[in-house]
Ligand code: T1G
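Single chain ahead, written as C-alpha cells, the form predicted alone.
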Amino acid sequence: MAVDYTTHDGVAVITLNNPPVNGLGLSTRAGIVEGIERAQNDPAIKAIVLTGAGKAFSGGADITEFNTPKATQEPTLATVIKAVEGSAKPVVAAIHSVAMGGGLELALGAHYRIAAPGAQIALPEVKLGILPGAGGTQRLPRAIGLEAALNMIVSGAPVMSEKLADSGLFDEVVQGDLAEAALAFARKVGAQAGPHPKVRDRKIEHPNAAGFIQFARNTVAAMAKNFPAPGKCIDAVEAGVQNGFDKGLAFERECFIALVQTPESRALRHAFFGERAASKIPDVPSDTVVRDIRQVAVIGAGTMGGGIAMNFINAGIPVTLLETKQEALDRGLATIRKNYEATVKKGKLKPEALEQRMALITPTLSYDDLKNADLIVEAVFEELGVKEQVFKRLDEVAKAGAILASNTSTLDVDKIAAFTKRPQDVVGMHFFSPANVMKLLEVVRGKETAKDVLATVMQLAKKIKKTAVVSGVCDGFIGNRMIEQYIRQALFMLEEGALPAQVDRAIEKFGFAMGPFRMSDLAGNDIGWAIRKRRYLEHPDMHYSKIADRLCETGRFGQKTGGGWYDYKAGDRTAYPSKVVDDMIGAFSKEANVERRKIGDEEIVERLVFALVNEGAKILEEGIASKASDIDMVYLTGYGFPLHRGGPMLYADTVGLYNVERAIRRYAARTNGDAWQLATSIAELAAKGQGFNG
C-alpha cells in the first residue's frame, strides 16, 4: 500500500509509504483522500496526522508517472489538498527530512504543521521549467510572507526547517520524537472547537508589495532570460496579491498548463530524466554487486591529474598521487593547495577542512606504492606509447581486482586494455578540464570491460558528484568525436566568408557558453593541430580546411601565447578581434580560389548544431551511445550546450528531423559538401515523423 492508516487514541495517522521519497503518485493520492474520508466517518477520531514513512515527508510528484495518464488522473493533487483543507477534523502535517514541491503544497493545505529540524523545505518546480501547480504560489506567501516566499519559489532552492521556525509556516519545530509530538499536538487541537485555520484565509502582508514584485521581476529578467518559468512564478504570486486566493489559484493553474508546453520546460525535464537515465546501462543489472573503492591512486600530478585527485579527496577517499619527478609532484601538490585556498577565501571551505583534504593525499615517486589501490586512474601524456608503459607497469604492481582506468580523451581503450593481462579490469574515465569543476565524466566501455567494473565506476561517479555517461570505444568517444565535426564546419565557414568573431557571436547568441574560436584559443590551438596531423595520416580521405594549420604555423596557439584567433592583452582574457587574423583568412580564401560571401547567423547556427546532430545520430547507429539523451547529457554537462535547448538531439527533435534533414541536404549541395554525409537514421526517423527521443 502507498498509504498506511492507523489510529491512536482518537487520532488517525495517515502515513505516505511510497519509497524512496513518498512521491505523490496516483495510488498515494487516492490513499490520502480515502484516509481523510475514513477519519471523517469515524466518530471516535478527533484529529488527523499526515506524515511520511522512511526518509521523507514527501518529495512531491512521482517522477515515474511523468508524461503518463496517471499524472493527471483524479484525484489530482489539487483534489487531495481540497480534501485535506476541507476536513472538518483538524489535519496536522508532521514534516521530517524532505517536504518539496507537491509535498510542501500538501502540507500547506493542512490546518497545522509541525516539523523536525533539518528538514529540507522547497518548491523546486522552477528547475523543471514549470511552477508549483497545486497552490504553492498562493499559500506559501500567506504562510511565510511575500519576500521569503518569492525567493524560494523563483530559486527553487531548499531551506532548512529550523530557518523557517519563526516564519508562520510551522506551529512547532520539534526537537524530540516527531511522531509522539504530532500525536500530542493533534489531541490538543482535536479538543478545540472548529473551524480550524486555513493558510488560504491569511492575508499577504507587505508594506510595498507592488514595489517588491517589480524588483523581483527586474532581477529575474536579468538572471533567467532564457527561461520563462521564473517570470511566470512572479505573475502567479502577483495575481494572488492583487486578486485574492481563488483568482490567484486559477491563474496559477493557467500558468502551469502553459509552461508545461514550452520547449524550455521540455528541455529541463529532458535533462532531469536524462541525468537519471544515464546511470542505467541496458545490459548491466541495477543489482550488480560493485567493487569496494576505499583507496584511489592517480598517475600524473599535472592539471588533469591534480583535478582528478581533488574529486576523490573531496568525497573523503584517500589518494596516492604518483609522479616521475619530485619537482612535478611538488608543483602538483602546490596547485591543489592553491585551488583549495581560493575556495577558503570565498568562504566555501573552512581552513581546517583544507588541511583535512590535503592530508588525504599521499605523494609518491614509486609505482610500488600503488599496490593497495582499489582504483588507479592514469592521467599522463595523450600518446599511446606513453600509456603502454604505464599500463604494463600497473599490470605488475596493481592488486588483483583493482580497476585500471585511463583518462584518455581520444585513444583506443581496447588497445590500452591489451597492454595488460586483465583487460576486464580496464575502463576509460574521461574527466573534463578543469576536472575538479566540470560535471561530465565519460565512462568508456572496452569490449572486455567487466559489468561490475562499469557498475562500480557509475556508482563512484555519483559519490564524486559527476554526471557519468557510458560511451563505446571510437576515436573521440561521444563528445570529442562530435565536436570535431562542429569545428570542421566552423573552419569551412571562415574559408567561405565568415570571420571568427561573427561565428562565435552567432552561436553564443543561440546560447552556447563559448563559440568555437574562443573555445579553441582557451584550450590551445596546438591541441587541435596535433589531432588534425594524426587525422591526415589515418584518414587521408577526410577533407579539412587548412586555415587553422596556417594560424598555428604562425605560432598563434591562443591565450597562452597572447594570440590565437583573437588578440589578447597581458592579464586580460578578453578576446579582441585580430586584423592580422582577419587578413590572413581573406588571403587564404583567395589562395584557395573560394569567393567569399556573406554568411548569415542562421546558417552559422544550423551548420554548427546540425553537424553535432548528424554525428550524434551516427554514434547512436553504431551503438557507441545507447540512447539520445546520453548524448545530450554529454553536451549539457561538458560542452556548454544551452540548457534551455536540452542538448543537440532534443533540439533536433524540437526543430523537427524533417527540417534537419532538408537543411543538411541543402548544405551538402554547396561548397565542402563532402563533410555532410547524412546519417541514415535522420532520414528514416524524418520519414516516419519521429524524433530521437520518441
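Numbers for residues come from their place in the sequence shown, where the first is 1. Everything numeric here is computed off the predicted structure, so don't read it as measured data. The term rigid core refers to the maximal set of C-alpha atoms that superpose within 1.5 Å between the two forms.
From this point on, the text means the form predicted in complex with the named molecule, which you will not see here.
The named molecule is not shown here, and in the model of the complex it never comes within 4.5 Å of any heavy atom of residue 107. Not displayed here, the named molecule is kept clear of residue 442 by more than 4.5 Å at the level of heavy atoms in the model of the complex. The closest heavy atom approach of residue 272 to the named molecule in the model of the complex falls within 4.5 Å. Shown alone here, residue 446 lies farther than 4.5 Å from the named molecule in the model of the complex, counting heavy atoms only.
Screening 517-525, 359-367, 272-280, 451-459 for residues having heavy atoms within 4.5 Å of the named molecule in the model of the complex returns a single hit, 272-280. With the partner removed from view, the residue among 145, 124, 302, 190 that has a non-hydrogen atom within 4.5 Å of the named molecule in the model of the complex turns out to be 124. Proximity to the named molecule in the model of the complex, taken as a non-hydrogen atom within 4.5 angstroms, holds for one residue of 493, 313, 130, 613, which is 130. Residues from 36-68 that approach the named molecule in the model of the complex with a non-hydrogen atom closer than or equal to 4.5 Å are 55, 59, 60, 61, 62, 63, 64, 66, in the order they occur in the chain. Relative to the superposed core, residue 339 undergoes a Cα shift smaller than 2 Å between the shown form and the other one. The Cα shift for residue 664 between the shown form and the other one, taken after rigid core superposition, is smaller than 2 angstroms. With the core held fixed between the shown form and the other one, residue 59 has its Cα displaced by at least 2 Å. Compared with the form shown here, the C-alpha atoms of residue 655 and residue 64 sit at least 3 Å closer together in the model of the complex. Legend note: Cα of residue 288 to Cα of residue 64 is at least 3 Å farther in the model of the complex than in the depicted form.
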